[in-house]
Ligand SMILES: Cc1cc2nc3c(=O)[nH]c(=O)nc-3n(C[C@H](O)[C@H](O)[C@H](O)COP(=O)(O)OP(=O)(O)OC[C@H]3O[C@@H](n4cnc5c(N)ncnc54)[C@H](O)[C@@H]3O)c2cc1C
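Given as structure tokens, the chain that follows is alone and in the form predicted on its own.
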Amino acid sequence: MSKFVAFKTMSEMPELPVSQARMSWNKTGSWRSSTPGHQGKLPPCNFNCPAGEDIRGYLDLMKKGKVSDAFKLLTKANPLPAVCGNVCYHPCQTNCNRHNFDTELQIRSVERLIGDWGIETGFRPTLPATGSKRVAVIGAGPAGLAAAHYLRQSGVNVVLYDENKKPGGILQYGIPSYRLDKDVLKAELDRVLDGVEFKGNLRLGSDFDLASLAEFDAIFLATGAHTSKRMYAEGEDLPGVESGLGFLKRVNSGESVQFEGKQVLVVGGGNTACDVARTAYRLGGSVTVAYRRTEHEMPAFAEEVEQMKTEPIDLEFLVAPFRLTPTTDGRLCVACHRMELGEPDDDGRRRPVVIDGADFDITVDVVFTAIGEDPDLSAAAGLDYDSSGSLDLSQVDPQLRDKLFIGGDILPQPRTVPHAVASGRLASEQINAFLQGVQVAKPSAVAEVATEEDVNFAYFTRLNAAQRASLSSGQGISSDKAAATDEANRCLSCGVCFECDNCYNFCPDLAVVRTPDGYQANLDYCKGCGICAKECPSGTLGMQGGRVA
């Protein structure tokens, strides 16, 4: 702990080295055996954001109260910040380097506040005049929306087709309103589609085909994955059995559905199963979820499972329906295998194995299947997957193939909203390059990610238990700019300089200088002592070995 020492007379003062002339002639840099430099490491939040947001960047702007600039920076990568602030599974937070120090930053809540700012202020980006190029985007889900938005932002005429009346895809017809307020969605869609021509109720394959779009300069196909996988259980086509996604679409379309007094069985363990179960419960059903593995292997996001567990929904693990038969009173008798876990399969999860002689029956009124969805490529003539699961365009009409781009859930990538948004944005960049006849720049090598070991936590204040508890929901942050600013101020700025002046102040040789491009070491005087790197809070600076003449 520091202590103030007062000297009452000159004799009490210790001897101090004082230079009576400039020492700039003494270029101590020749002594140097190591050199400070920027390590160029990526913050883990940025690295783990599927949408490619500069999270550290907009948190830094929020620290300075610049919400407008934060919104503009965020929407360079993701045009749906308010939507993602509600539904994203936030891998940025789970990988935050503050996780073990006190608690991770509530980034999703800050993103939601920034997105809501855009809605409340009615922000609209300035649209450039359109040129002669025209692009057809098929599918108005997150990927198609992002592609249409960024193409229009670059002056391209865009026509967006969708089989549904309203745009939004899974956001409109899949995610329940208790997780995503439809007014928030509508407000963001109005901004995202500003300047885009939307044509709904047109289904590829029945109302138009790829050949009819030949007049366009490019086509982006992003029809998603909406075909529910089958259980391959006897009787699964009986009345009373429905795909979970189809059920969610009916509810989100405004259809009146009630399950008062009814037993509902949901088969599956993914996010769709969670949404179906919680929606059916809200409609009065007594709901059971049957999953063939254990909770540990559930593909649903942990947060979704935890929220489902807070509601009166029965979870039956290690159960697999194999036969459904109608009962005399109009219900369904579902015969189920009791399972146990065997050896790991190809995806690393332990394979469910039937326990002989342990079958049992469940009698219910409704069964929803939610064991996954596949894309339906039958409407895109010639397009299919090959035996390895990769897209095969060899049979597509060559005149269309050359200008056909594909993205979103059709691609073998994680099926989440931020992944789809990123896919659409990247597609817009590729299409723009194609329209201009230039090559897309190859992405640079992925930088190293800054870890906890890179951060000097001595410069940061740890939250106490009460403060950590108050952050658990993030609710206050998403609705209070001051709280969001406070939260942004907890950012460690991992691997990125935030101009704290530590290197400048601590350098014993005054060798660190400020420049318009940041701090630089004057190598004529830097002895390579490493104090600047040691005292760098964010791990931006590191020392490189080797004597420099």
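Start at 1 and count along the sequence shown; that's the residue number. Predicted model, so just to flag it, every value in this text is computed and none were measured.
The same protein has a further form, the form predicted together with this ligand, not shown here; the description that follows concerns it.
- Contact annotation for Phe301: at least one heavy atom lies within 4.5 Å of this ligand in the model of the complex.
- Taking non-hydrogen atoms only, Glu236 never approaches this ligand to within 4.5 angstroms in the model of the complex.
- Glu197 falls outside the set of residues with a heavy atom inside 4.5 Å of this ligand in the model of the complex.
- By the criterion of a heavy atom within 4.5 Å, Arg124 is excluded from the residues contacting this ligand in the model of the complex.
- Across the proposed site, Ala140, Ile170 and Ala225 without exception bring a heavy atom within 4.5 Å of this ligand in the model of the complex.
- A heavy atom within 4.5 Å of this ligand in the model of the complex is found for exactly one of Leu204, Val156, Leu471, Ala77: Leu204.
- The contact residue chosen from Thr288, Gln307, Gln430, Asn164 relative to this ligand in the model of the complex is Asn164, the criterion being a non-hydrogen atom within 4.5 angstroms.
- Segments offered: 412-420, 289-297, 462-470, 341-349. Contacting this ligand in the model of the complex at heavy atom distances within 4.5 Å is 412-420.
- Residue Ala379 is the only member of 379-393 with a non-hydrogen atom no more than 4.5 angstroms from this ligand in the model of the complex.
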